[in-house]
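One chain follows as structure tokens, the form predicted on its own.
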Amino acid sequence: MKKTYTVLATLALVAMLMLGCKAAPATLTLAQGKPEIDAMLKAYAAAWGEANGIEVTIKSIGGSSNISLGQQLKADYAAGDMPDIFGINGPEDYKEWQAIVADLSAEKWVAKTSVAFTYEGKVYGFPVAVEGWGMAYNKDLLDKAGIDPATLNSFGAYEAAFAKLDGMKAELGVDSVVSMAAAADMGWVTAHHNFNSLLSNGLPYGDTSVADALLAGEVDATRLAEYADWVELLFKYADQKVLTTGNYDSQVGAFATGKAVFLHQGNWTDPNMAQANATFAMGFAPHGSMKAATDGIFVSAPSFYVVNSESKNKKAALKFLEDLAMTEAGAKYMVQEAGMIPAFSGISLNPAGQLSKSVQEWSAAGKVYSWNQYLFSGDFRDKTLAPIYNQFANGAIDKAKFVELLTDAFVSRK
């Protein structure tokens, strides 16, 4: 009898262990910084996970949140809860995490892209997409005002256009000329994207000379002064409520609903335009951060997925990325669902969004400028530069002080 009980107890234990295994399926966690694709990525991940018997968790950080992806990752690392896949923006982010970033050089998708993140000859980052931005414009409103977007290529051209549009706000039915946000938690608009106007506008693609000089504490006073004029112009003609307290949704929403003529964002807002049923003609014009005319917009891979080399789920993470780049389902997610420009060859689908099409047109013409903002650390951009833009937007400092504080920031970081 005792033997029978022992056998039964053993069988019960085995059954419990089997049930336990079923209750704890394989898992995969991806943390990324593009909240605008959160719903689409979660839907794709759920379908992929079901097909592969893996429970996938997507964590999207950014947008209007008061914590950046980098800050969240540091908290996760301290808590021993790092994701299996996570996003980085460029060299400085990579250097922060290189001890746990897996070498992806041998992955099949590497041969299908020219914009993977590389460091010292090895591939470490999977490019999320190809993105671009300039000044997004509502062509229908510009047509009504008699302004050709092709003429918007210098500070003087924008200065005249903004003044004219400002005098026609009632006639055009808009609240502001520009929709731009510079609130404390929107520093990625100012100290990341707008900052890049100073770093690369008008320079050959790949030219990092201005950024390199600033990293060395050397400031081109003329270029900085012209750039400050541009920031002042944008702030002057922006909706002041959106500028000082607005979040991502209010900034993008004002443009999508026809209440602003220009938007300081990129083609990643195409899904927002679709959700708002924005049918007006739109496209990108160059930034007017220089007196001289420029003829391009800022185009690059916006971010990269890296694999945590310490992850117990590394094999699943590698398969997730491979399928994303090399399957029909992955292509449909990137292009048709998320509205992104794919960074991989062999994908025949094209995004439907007008802003993405505009980026493709600028790129096809070779009229593109680099993204050099990520040569600077996240802390420098978020903790040093962003507050300076915020003070300027709120009127706490004038343009002269804005230039002074930026100059001091570059010199002191040397």
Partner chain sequence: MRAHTEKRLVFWLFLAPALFAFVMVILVPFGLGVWYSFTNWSSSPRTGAGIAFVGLDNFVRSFRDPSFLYSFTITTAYTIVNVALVNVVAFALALLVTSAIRFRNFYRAGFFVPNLIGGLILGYIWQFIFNNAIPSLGELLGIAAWSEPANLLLARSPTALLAIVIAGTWQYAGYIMVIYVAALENVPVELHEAAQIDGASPWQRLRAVTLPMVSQAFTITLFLTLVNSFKQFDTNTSLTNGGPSAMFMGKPIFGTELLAMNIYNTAFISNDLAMGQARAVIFFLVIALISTAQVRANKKREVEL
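Take the two forms, find the largest set of C-alpha atoms that superpose within 1.5 Å, and that set is the rigid core. Not measured: the values here are computed from a predicted model. Positions refer to the first chain, counted from 1.
One more form of this protein should be noted, the form predicted in complex with the partner chain, which is absent from this view; the next part is about it.
Under a 4.5 angstroms non-hydrogen atom cutoff, the partner chain in the predicted complex has residue 382 among its neighbouring residues.
Interface residue remark: residue 49 is not counted as part of the site for the partner chain in the predicted complex, having no heavy atom within 4.5 Å. Contact annotation: residue 403 falls outside 4.5 Å of the partner chain in the predicted complex, judged by heavy atom distances. Mapping the unseen interface onto this chain, residue 124 falls outside it, with no heavy atom inside 4.5 Å of the partner chain in the predicted complex. Judged by heavy atoms within 4.5 Å of the partner chain in the predicted complex, the contact stretch among the candidates 207-215, 161-169, 289-297, 99-107 is 99-107. Think of it this way: in the predicted complex, the partner chain has a heavy atom of just one of 61, 37, 54, 388 within 4.5 Å, and the residue is 388.
With the partner omitted from this view, the residue of 111, 221, 150, 78 that lies near the partner chain in the predicted complex is 78 [heavy atom within 4.5 Å]. Every member of the trio 74, 92 and 95 reaches the partner chain in the predicted complex with some non-hydrogen atom inside 4.5 Å. Heavy atoms closer than or equal to 4.5 Å to the partner chain in the predicted complex belong, across 168-190, to the residues 184, 185, ordered by sequence position. After superposition on the rigid core, the Cα of residue 144 moves by less than 2 Å between the shown form and the other one.
Fitting the two forms on the rigid core leaves the C-alpha of residue 236 displaced by under 2 angstroms between the shown form and the other one.
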